[in-house]
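Shown next as structure tokens: one chain only, the form predicted alone.
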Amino acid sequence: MANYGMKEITATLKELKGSFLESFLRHPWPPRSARERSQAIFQNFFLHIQSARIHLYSLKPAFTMGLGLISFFLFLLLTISGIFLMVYYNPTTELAYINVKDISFVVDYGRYIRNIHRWGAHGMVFAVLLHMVRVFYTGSYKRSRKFNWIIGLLLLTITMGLSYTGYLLPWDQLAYWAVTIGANIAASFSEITNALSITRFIDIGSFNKQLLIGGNTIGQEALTRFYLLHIIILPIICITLIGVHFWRIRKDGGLSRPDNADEIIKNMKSIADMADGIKGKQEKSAAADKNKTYGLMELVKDRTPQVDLDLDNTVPMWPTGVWAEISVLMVTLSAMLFLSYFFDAPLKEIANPSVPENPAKAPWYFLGLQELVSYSAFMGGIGIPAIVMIGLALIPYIDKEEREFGVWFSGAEGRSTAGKSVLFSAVSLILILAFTVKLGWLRNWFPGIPQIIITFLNPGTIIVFLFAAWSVYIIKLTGSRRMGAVALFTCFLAGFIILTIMGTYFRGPNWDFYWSPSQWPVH
């Protein structure tokens, strides 16, 4: 009896792995048929946000480049590494800098965790920006995807906010003077209220500044606010928006693709062969699947993206799509580990209010904004960014053309328009920058000129006006609002790159122009 009991216990233990997997996954493992592979998506919490099938065109690396996935994986990496950093970090002005030094030089593997967090933040900003560029130029904001474009813009804003609040936490010189610049931008509403002589009644600038830094001076209250924003408020908003963003992609028919994607797949031999092989496996598994059932959406015809779609040239998300996602994850993780091993995250001297940074330069993704702020704190830091974001948000609702959905630049005309727009924006912006560097601006010529004129008439606002005028010209020339949108977006993209290069390489102490850092004055 004892031997029989032990044999029964041993057999039960051997079956434990399969029983646990079946209870966790809620379907047989491994999946053996198309139905079971679909159940792997439908019945799994972690995979359910994805569609059950994916089109072969969406697996082309050159179309999406995996930028959305890279952005998401970097967010997960930042969350995990950030939790480790929180263990050793105290958000106080007395200890923050010391804690970061300890993380970098005392804590085991602390330097690598901090490096991963820093370069992951830079990588996420870069990936989100490129993802927005890809979505725009392929026209993937059209049809039922309009609102998801808005969600994407909100995610871009939150990503910038996470990066800004993150690099303030070490409380070094970069952090302190970045807070100072941010506080001055928040207070820049006073440029308008002072000009209208209503500041004593409605002091929006002072209110914004005190709300941001917790008082009139930068100190512990400011650090506490940015810490809470960075670890609680912004991440919660970001996680929520990411969930909605992914859910909308699924409900809008999966990743965007051209209307003739099936024809393109047939003409691509490697993918066509893969499709034939998968189709044969699907037919075999369907014949073996005696429990095949149909859901309501498989029986009802409608005009939504999810219904009445042909299953040709599609494959189950599990395992084909999931393995593709895992590949992107491994490449992303490898790149971050490489950067973190060979390049250390910067850390300047401890924050010192009596010794201002000169030049106080923001990270690369804020340098274009910093160049605009040097002309006018209000328009450069608030007005122009607001105009750009509102303009981007309106694009899907203004551009209602159905032409070339899911095609880069909407065809040859779009490529030509984008090329002309790059040339126009580069020439006009470089000429304005050269004029400003050589001859100055209104304040240099007329020292007593009212500030309200400088606020609304400066190189930044002139650049925006020129770009808008170019877009209107393209619309009249081509008769296409899509081409006008391509022109405007390309101008702003090229302008962002040029202003970033300007701030990175040609701005020195007092934000003056220098051909090289070797020309900077020596103190």
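Since the structure is predicted, the reported quantities are computational estimates derived from the model, not experimental observations. All residue numbers are counted from 1 along the displayed sequence.
A second form of this protein, the form predicted together with a small molecule, is not displayed here; the remarks below concern that form.
Visitor: In the predicted bound form, does Arg145 have a heavy atom within 4.5 Å of the small molecule?
Guide: Arg145 belongs to the contact set for the small molecule.
Visitor: So in the predicted bound form, does any heavy atom of His117 sit within 4.5 Å of the small molecule?
Guide: No, His117 is distant from the partner.
Visitor: Would Asn458 sit within 4.5 Å of the small molecule in the predicted bound form, counting heavy atoms only?
Guide: Asn458 lies outside the contact set for the small molecule.
Visitor: Although the small molecule is absent from this view, report whether His245 comes within 4.5 Å of it in the predicted bound form, heavy atoms only.
Guide: His245 belongs to the contact set for the small molecule.
Visitor: So which of 100-108, 347-355, 155-163, 426-434 is the stretch with heavy atoms within 4.5 Å of the small molecule in the predicted bound form?
Guide: Single hit among the candidates: 155-163.
Visitor: Does the trio Thr93, Tyr176 and Gln220 actually contact the small molecule in the predicted bound form, every residue with a heavy atom within 4.5 Å?
Guide: No residue of the spot touches the small molecule in the predicted bound form.
Visitor: Can you pick the one in Ile463, Leu69, Ile54, Met483 that has a heavy atom within 4.5 Å of the small molecule in the predicted bound form?
Guide: Contact check passes for Leu69.
Visitor: Would you mind picking the one in Ser376, Ser410, Ser256, Ser340 that has a heavy atom within 4.5 Å of the small molecule in the predicted bound form?
Guide: Of the candidates Ser376, Ser410, Ser256, Ser340, Ser256 is the one lying within 4.5 Å of the small molecule in the predicted bound form.
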